[in-house]
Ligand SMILES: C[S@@+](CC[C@H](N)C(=O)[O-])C[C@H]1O[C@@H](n2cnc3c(N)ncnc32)[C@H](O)[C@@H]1O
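Presented as structure tokens, the chain that follows is alone, the form predicted alone.
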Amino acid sequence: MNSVKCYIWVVIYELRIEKMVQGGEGMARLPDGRVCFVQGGLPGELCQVEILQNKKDFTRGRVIKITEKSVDRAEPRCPLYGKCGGCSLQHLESSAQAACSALVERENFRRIAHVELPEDFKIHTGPAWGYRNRARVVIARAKSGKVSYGFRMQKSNGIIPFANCPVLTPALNAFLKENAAKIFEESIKASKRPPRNFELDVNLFDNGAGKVSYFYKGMPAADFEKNAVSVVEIAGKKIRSDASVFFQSNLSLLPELVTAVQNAVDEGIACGEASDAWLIDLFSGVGFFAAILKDKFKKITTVERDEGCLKHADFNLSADNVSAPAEDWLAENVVDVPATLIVDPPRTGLPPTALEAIVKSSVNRLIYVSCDPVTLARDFSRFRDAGFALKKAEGFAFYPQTPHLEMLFVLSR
């Protein structure tokens, strides 16, 4: 019988990290000139890099040894760093993360939209740890009967258990320790599913005022109001939501975004580029921005396709809360006054039809809240071609220890 020997070739280069790119990887170049995106590399470092992916035009690798270390390198605080995948920037000092993100975004907009971000572009920051008030965890019971909880592994359905997550609020960590097993048993009774190999995805929300709400699929309707619904007070307004729908995950920094939006609205009305006749809030969720701004406008329209969000919007403000995709509403409604327009789309950015409808409308001032700078840069280039100019740009580091950044653009024509 013939035997076959298998060899695994490990390719390692010593590379100088030139800069950080979108997604938090370092960028270096191989001797043949190809770009290598390096997990765990910081600008200026000389590293030994193991190649993980080898493509014709680029490669990907990970740091296995640092020969020359950056002064901004930090020792990761979480023992699950590199396994969980949730906080991929823990190797960069918290105090240096905003400045690094600013450089990345300046280059992104230069490359994608061919525009320079304003000199006064600022990234607002808050607490670096213990800030995250919203999370999704998995509660599971092993064959031994022990109940544990954790996060889903990156690119896998596996579970990474944790005892204390350093980015979650203390209230969320304490709630999980005290209630995970109870919630698991509650869900078993509600669903009547066999407990063996059963895993439960649970959404958690800490309202910052002493209440943690939670939601899981199959939760009895009778328990929903008691356990899932929550109220947050921001800018003097009480906003109702629940743990099953989207809400911002960093309440400590959220007031600064609210202030930036309020300032943009006031400036637009004062200069005449917009008016107080009509506020249109697209991708409005639970009506968050509209509820805070409602006293400034004669007419308000919110547009949201998620029915769970709309129920809260009806509670949060008396307005024309429309159930529809934003692009459909824009296509079917004529905006022939200089309305104040706020858009807060998902990571995919504005649908082309929505963007086209905005351009053809009488809207002369647009407040764009983005959770993905790359799609914001793409959309901005289209608005600029249609005559809009960038008036204000701000960043918000809602997720410290990660490369994610939210941005606010104010555009006018």
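Bear in mind the structure is a predicted one, so any value in this text is a computation, not a measurement. Counting begins at 1, following the sequence as shown.
Unshown form predicted in complex with the ligand; subsequent notes refer to it.
Contact check for residue 179: every heavy atom lies farther than 4.5 Å from the ligand in the predicted complex. In the predicted complex, none of the heavy atoms of residue 111 sits within 4.5 Å of a heavy atom of the ligand. Using a 4.5 Å cutoff between non-hydrogen atoms, residue 305 counts as a contact of the ligand in the predicted complex. Taking non-hydrogen atoms only, residue 387 never approaches the ligand to within 4.5 angstroms in the predicted complex. Checking 179-187, 339-347, 103-111, 147-155 against the ligand in the predicted complex, the stretch whose residues place heavy atoms within 4.5 Å of it is 339-347. By the 4.5 Å heavy atom rule, the three marked residues 248, 289 and 327 all count as contacting the ligand in the predicted complex.
Proximity to the ligand in the predicted complex, defined as a heavy atom within 4.5 Å, singles out one entry of 278, 81, 283, 315, which is 283.
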